[in-house]
Every structure is written in C-alpha cells, then in structure tokens.
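Just one chain follows, in the form predicted on its own, and it is written as structure tokens.
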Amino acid sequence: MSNIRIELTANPKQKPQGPLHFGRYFTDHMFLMNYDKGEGWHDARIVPYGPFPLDPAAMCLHYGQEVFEGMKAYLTPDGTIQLFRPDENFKRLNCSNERICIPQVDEELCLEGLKKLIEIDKDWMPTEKETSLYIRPFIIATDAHLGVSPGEHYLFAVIVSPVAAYYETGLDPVKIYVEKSYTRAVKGGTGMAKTGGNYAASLIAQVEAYEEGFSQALWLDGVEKKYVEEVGTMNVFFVVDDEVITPALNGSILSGITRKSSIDILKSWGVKVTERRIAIDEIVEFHKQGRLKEMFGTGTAAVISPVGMLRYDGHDMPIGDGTTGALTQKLYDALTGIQWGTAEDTFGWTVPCCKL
C-alpha cells in the first residue's frame, strides 16, 4: 500500500434520519492530496471532513481552474460495498485535467485512497433500496495569485455522500425542455471536460426549465442551434423504431461512463445503437410519424432516467404512453443489477471495496 496518512475523527457526526436528499449529507472523512510545482502530488491523507483553508485570492475562485468527477459505491446482497468502473472515472478526470491545464494524477493511487476512505466510512453506507454512496473527487487551483495563467499549486479532494435517487420521483418519466436561447459549450471549448464552468453556464436554462415545470433543459449545439447534444446532468438516447440513437461525442459533449456502459449493454443484446449527429427537427419528425418510441437519459447521479415529454419551440411531444418504456426499464434493471450486485457482472465492471 502507498503511504496514505490516516487521521480519524474524534467527533463522528450524527447520521441522517429519515429520507435521504441527494448531496446534502457528508461522511466523517475525506481524502486529500496536494500538488506543488517541483514536488508533484504529495501528502496523500485521509482526515476528518471539514473546511480547508483557502486564500481569498485562490485562482480557482477567480478563474475557475477546477475539475471534478461523480461516481458511486453500492451495497450488494452479500454485504460487499463495490464501485462501478472507477478506473473510467479517474481516466476521465485526467482527460479533464489535460483540458484545464491541471497536472495528471496517479489513477491507481486515487483509487487506493478512495477504497480506503470508503472502508473507513463504511458505516455511512445506506441500506435502503436504491440508495448508494455518491463520491465526488475534485481538484482546485489554490495559488494566491490574481493573474490568468495555470496554477502551480493544487488540492485534490474526495468527499462522500449517502444518497437516494437523484430525482425524487425515482424512475417516473421526467419532462425535458429543449433550450434554444443559451449556449452551454461548443466544440473546441470545455464541453468534453467535467469542469464547473460548464455547469455554471447551464444554470440559467435549468432555472427557466424548472419555472416551466420541467426537470432539465436539453442543449442544442452552440453554433447552429440545430443538433441535439446533452441534458445538464445526462447524456440522451432516442429509441426510434428498433434503433437506439445517441448524439456522437464531438468535443462539446461529456463522455458519460453510464452512457458508455449503456451502449455496451444494448449492443450485447443485439440492439442497433447509432452514435451520430441528430437534429432536433429529426426528433420532431420521428415523433410526428409515431416512430419515436422512447427517450431516456443516462448519468451517474440519475443512472437511467426515462423522458415522458419533450418540449421544443413551444410544442409538447409526449413520448410513449407516459410510463417508462420497455427497453428503458430493461436497461435500467440490467445496469442497476450489475451495480447493486443482484445480476452477474459479465463485463468485469465492478470493483469490490470492503465488507459492510
């Protein structure tokens, strides 16, 4: 084992009582690691959860040099806590690092620290149905310097939160609003990186969608406002006839790990999956023709989220009969079965962490 220093809390927090709300509660400890130019990443440690000192001039606060990830740990029927494709998360973190000019992290060390953190805080693992531990690794530039340039000092942190379903309605279909006025990202920008600026840019559309009674906004491309890209928290898929279509990764769409896993599962069933540019007008036409059978989103937080209605240009397009589509349900069951250990993991995606 690498030299990960461990400092246990002397004041364990009270665990949440009653229903869990996504991302509001945090476990007793966190994993930290520092980077200093000339020294590299160092001082890997697990310490009590709490504030860390940050200079008011820290570059992350002024210029947004930060990246993050989202992943989960699941409790299986035999009491094993397991991770789902954590290697893909840390690989994607390094892709984001490259785009945001943050030094690469040691992916194996990050995974080792994460597993140790989960083991230490395993008594925070919720046991209710469809609950999990949500894991948030992130990196921020900490240089106290008001100047636009890559930092020379960084903090890597991992915090953990017991959660229930992202949408309180669970697997009930959500309503999505197609955004036409604002732009989230463009090819050549930071859309393919998981960085806070992308999400800040999406907030106004999300707020306006909420005000209209919608769960999320679906983004179109930033140049022509013609091609479907992604929802704020999810990649999107359309079931047209017997084909599943999803927007191709083009540099402005996040390479979702749940997206990738869903494609692999669908293809293993012999379902035709096409990754391509797809215009919103095509979706409208497919709906008019009765060929748009289902629509769903994929993401770590929501897993699989069926879409029951899409609004575009003032027109509402109900999808299916208002319930979760058969293929969406089958995919959800298969994916969550692997994650929670109730189905065989024939893909080798799960990584045991510890016993509860």
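Numbering starts at 1 and runs along the sequence shown. Worth saying up front: this structure is predicted, and the values here are computed from it rather than measured.
Same protein, other form: the form predicted together with a further copy of the same chain, not shown, and the subject of what follows.
Item to check | 4.5 Å heavy atom contact with a further copy of the same chain in the model of the complex for all of 100, 134 and 199 | outcome: Yes, each of 100, 134 and 199 comes within 4.5 Å of a further copy of the same chain in the model of the complex.
Next on the checklist: To verify the annotation, which of these, 186, 248, 279, 271, has a non-hydrogen atom within 4.5 Å of a further copy of the same chain in the model of the complex?
Outcome noted: Going through each option in turn, the one that passes is 186.
Item to check | in the model of the complex, the one of 37, 330, 62, 42 near a further copy of the same chain [non-hydrogen atom within 4.5 angstroms] | outcome: Checked against the cut-off, the match is 62.
Item to check | Contact flag, residue 347 vs a further copy of the same chain in the model of the complex, heavy atom cut 4.5 Å | outcome: Outside the cut-off, so no.
Next on the checklist: Test of understanding: in the model of the complex, would residue 30 fall inside 4.5 Å of a further copy of the same chain by heavy atoms?
Outcome noted: Judged by the heavy-atom cut-off of 4.5 Å, residue 30 is in contact with a further copy of the same chain in the model of the complex.
Checklist entry - Quick one: does residue 233 come within 4.5 Å of a further copy of the same chain in the model of the complex, counting heavy atoms only? => result Contact with a further copy of the same chain, yes.
Checklist entry - Might residue 124 be said to contact a further copy of the same chain in the model of the complex, defining contact as any heavy atom within 4.5 Å? => result Taking the distances in the model of the complex, the answer for residue 124 is no, it never comes within 4.5 Å of a further copy of the same chain.
Item to check | One stretch from 251 to 259, 125 to 133, 220 to 228, 80 to 88 that, in the model of the complex, holds residues within 4.5 Å of a further copy of the same chain by heavy atom | outcome: Partner-contacting stretch among the options: 220 to 228.
Checklist entry - Can you tell me which residues in 27 to 54 come within 4.5 angstroms of a further copy of the same chain in the model of the complex, by heavy atoms? => result 30, 49, 50, 51, 52, 53, 54, in sequence order.
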